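Before any questions on binding or motion, here is one chain by itself as structure tokens, the form predicted alone.
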Amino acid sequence: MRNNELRAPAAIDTDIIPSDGEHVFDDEARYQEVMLRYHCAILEMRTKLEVLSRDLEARYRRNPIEFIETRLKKPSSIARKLQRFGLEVTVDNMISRLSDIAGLRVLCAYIDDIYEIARMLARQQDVNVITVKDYIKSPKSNGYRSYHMIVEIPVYFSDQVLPVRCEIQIRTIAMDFWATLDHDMQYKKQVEDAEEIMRELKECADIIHNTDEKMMRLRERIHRIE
């Protein structure tokens, strides 16, 4: 989807809280209540991104945001992450120790768009940037590239204002294409020639990055006289 076709967020409904059929939290009612906060934080952050998208398109006749995706972690994924940290699976630990329960992915056409969107978000007064991990300048060993931000925003409810954290991943379309295949590879239990596939994926990551940089330079040359 492009420009004015960005997906509208879902209506607020407890049915949107992800479930994989497992009740991993003893206090299910509190879990649902807290997860609704994260869902509302996604709605708030998505609105911010869509406003930026409309504004930039109106001003410059070019929209750096190609697509926005959102997700909430499933309870089993939350439990596994807490257990990896050696923590008890509780709602309190979920709130205090995890920052990526609410997630947004922003896809851009060009690398410089990624940094511009990140700067615009960081300048907003009610967006508190907690951490940044730049896997574009410093990719992971397997070739993964993306720009990650953990931010905290105020979410306004009927009787209170609560700070809620979100993870925002900003990457090019090509980076996302690679990451999707890498994700599939990571979650396959048995793959023939796994080492060879991972080596080729790493080669593809480098090729994709070089192509992203070349496309950005070509765009600059095309628009230099404007």
Ligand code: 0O2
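Residue numbers here begin at 1 and follow the sequence given. All figures in this text were calculated on a predicted structure; none of them were measured in a lab.
What follows is about the form predicted together with the named molecule, which we do not show.
message = Whether residue 144 contacts the named molecule in the predicted bound form should be assessed with a 4.5 Å heavy atom distance threshold; does it?
response = Heavy-atom contact with the named molecule at 4.5 Å: present for residue 144.
query = Is residue 100 close to the named molecule in the predicted bound form, meaning a heavy atom pair under 4.5 Å apart or at it?
reply = Close contact exists here: in the predicted bound form, residue 100 approaches the named molecule to within 4.5 Å, heavy atoms only.
query = So in the predicted bound form, does any heavy atom of residue 59 sit within 4.5 Å of the named molecule?
reply = Heavy-atom contact with the named molecule at 4.5 Å: absent for residue 59.
ask   = Do residue 157 and the named molecule share at least one heavy atom pair within 4.5 Å in the predicted bound form?
value = Residue 157 lies outside the contact set for the named molecule.
task = Pick the stretch from 41-49, 166-174, 190-198, 62-70 whose residues have a heavy atom within 4.5 Å of the named molecule in the predicted bound form.
result = After filtering at 4.5 Å, what remains is 166-174.
task = Can you tell me which bits of 125-148 touch the named molecule in the predicted bound form, meaning any heavy atom within 4.5 Å?
result = Contacts from 125-148: 133, 135, 140, 142, 144, 148.
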